[in-house]
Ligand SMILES: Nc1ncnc2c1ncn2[C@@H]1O[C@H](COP(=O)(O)OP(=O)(O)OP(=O)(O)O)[C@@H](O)[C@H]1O
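Coming up is one lone chain in structure tokens, specifically the form predicted alone.
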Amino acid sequence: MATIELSGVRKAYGATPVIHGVDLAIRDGEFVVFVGPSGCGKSTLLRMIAGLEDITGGEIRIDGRVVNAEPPAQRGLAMVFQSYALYPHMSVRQNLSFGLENLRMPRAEIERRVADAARMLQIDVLLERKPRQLSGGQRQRVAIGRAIVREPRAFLFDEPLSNLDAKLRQDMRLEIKRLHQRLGATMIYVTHDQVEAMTMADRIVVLNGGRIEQVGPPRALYRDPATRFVAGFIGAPPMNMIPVAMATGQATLPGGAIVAVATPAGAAGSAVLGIRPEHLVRDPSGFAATVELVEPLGADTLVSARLGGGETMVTARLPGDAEIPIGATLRLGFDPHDAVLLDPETGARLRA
């Protein structure tokens, strides 16, 4: 398998920079997910690692060797694309073996690798079918199998599940995670779906505007976001962002309610208070909000409510049996240790 290191990696198209000096070290056997909104540079960064995009500056090292000038075929990586990229006129068996045949690999070795990959992905009964005879999930398994037979040093996945429906995406997430556990391979996975990132990654790299906002295990990013962007991007529904006036140990919400918060000593002025919907609970002595939308989800109910008659809305994730009429006054509270405080100008986390 492989270690992959990026040092000051930059990319520009003409005079327009899109990747701004990325530094990142990916350990051997690690499953790393690049996540962020469309246009943040995550696929561009992956393609530079693969050698499909030239880099403007910096270094990419695989197992300590600088590969900036190496073509994709010499980097020992295998990439799985969103579009599957299967040959429609070939059978599944031929799709799996075609790349190995071009390398003039012995026939017995090709057959072994194809058989092993097909068995691992449970597509051995599909080997004589053409891609048009397969479901979306089966096509994606073939695309992954084509990467597996190369026995690469690392796997690169570029939003491979975007074309699948919700149920198939969930199934394939489990399949890819199991595959990683079986192979112990280094994997880099690109997605805009933070649920995929949270459920699959050993570490998440959150990208925004061609820069890394934060890197860490999923639970760490959820519990301890470093910036407003990360706080709002990780978690579903997203974290509530409430403008507040600060004093030591307390914050004044829109509408005038005062809540306890853990603040930096002597903090004063304005801030943004972040609190996740699942951390808001019904509290008779809490702050008041007027219910505007109720969304029953079965196990949970999402309630959207307005603070103090102003523009600020909050969402609370309450038990599924909660029955709350539209227009009702809902009183909510939270544990101060579950809240985060953010600089309203820079978005940086303020720490107590």
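Only a predicted model underlies this, so the values are computations on that prediction, with no experimental measurement involved. Quick note: we count residues from 1 along the sequence shown, nothing fancier.
What comes next is about the form predicted together with the ligand, which does not appear here.
Per the 4.5 Å heavy atom criterion, the ligand in the model of the complex is contacted by stretch 36-44, the sole one of 62-70, 286-294, 36-44, 306-314. Proximity to the ligand in the model of the complex, defined as a heavy atom within 4.5 Å, singles out one entry of His192, Arg169, Arg113, Arg129, which is His192. Proximity to the ligand in the model of the complex, defined as a heavy atom within 4.5 Å, holds among Glu159, Asp202, Glu175, Asp124 only for Glu159. At least one heavy atom of Val18 is located within 4.5 Å of the ligand in the model of the complex.
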